[in-house]
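One chain follows as structure tokens, the form predicted on its own.
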């Protein structure tokens, strides 16, 4: 079977199912898993699908996926380790907030089997968790195409209607001096989700620890627990500020 034929079959399969793993695709096309992985990588490079852990999902035609997907793939090994640890904190029956952070998105693969309620402003999270055991509540508001998320005053008002047991949030930078974001809109959502949660987890790879960004919007005590792959003096300073830190290797 030629690549063009495989390409057509893969995209049709994803259009029908929304998401498929490598084994399913290989069986459907009667080809090797090695060939499937290569094809999926080529199609992802053309922005024709999203690569996920162990498979792929279709691209939402209403949003530009390339920027978000590229961001999600950065430091993916570290993000997966962080999210695997974060998933251990989620129990059956939990109500959780998940924001639009690329690290938070990687959490989806580890919670699909859990009977929980997820409240999110992230379009990729909604797509990834459809047909899973989780119940999804999509926050309403204005769609930001760059990061595939819902923002704005209506989104914040929606968030404030709910109470969650836990929030899993991303960030553009964290130091002992505070939390940083590249957007006031993203910062508003982060603050709202944290304020409506019993416990707030920050999922943050080493590239964000010790980094300052455009806007310092909150003190570090907004966060209860930081899960990261970073260690060192900056982490010690955060601990001195009262932040619980879980370091993954």
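C-alpha atoms forming the largest set that superposes within 1.5 Å between two forms make up the rigid core. Numbering follows the first chain given and starts at 1. All of these numbers come straight from a predicted model, not from anything done at the bench.
The next section is about a form of this same protein that is not shown, the form predicted together with the DNA.
Asker: Residue 235: heavy atom within 4.5 Å of the DNA in the predicted complex?
Answerer: Judged by the heavy-atom cut-off of 4.5 Å, residue 235 is well away from the DNA in the predicted complex.
Asker: Would you classify residue 45 as touching the DNA in the predicted complex, given a 4.5 Å non-hydrogen atom cut-off?
Answerer: Heavy-atom contact with the DNA at 4.5 Å: absent for residue 45.
Asker: Could you confirm whether residue 239 comes within 4.5 Å of the DNA in the predicted complex, counting heavy atoms only?
Answerer: Close contact is absent here: in the predicted complex, residue 239 is far from the DNA, nothing within 4.5 Å, heavy atoms only.
Asker: Would residue 41 sit within 4.5 Å of the DNA in the predicted complex, counting heavy atoms only?
Answerer: Result yes; residue 41 sits at the interface with the DNA in the predicted complex.
Asker: From the candidate stretches 179-187, 215-223, 28-36, 192-200, select the single one in contact with the DNA in the predicted complex, where contact means a heavy atom within 4.5 Å.
Answerer: The contacting stretch here is 28-36.
Asker: After superposition on the rigid core, does the Cα atom of residue 25 shift by at least 2 Å between this form and the one not shown?
Answerer: Moves: yes, 2 Å or greater.
Asker: Rigid core superposed, CA of residue 35 - does it shift 2 Å or more between this form and the one not shown?
Answerer: True for residue 35: a C-alpha shift of 2 Å or more.
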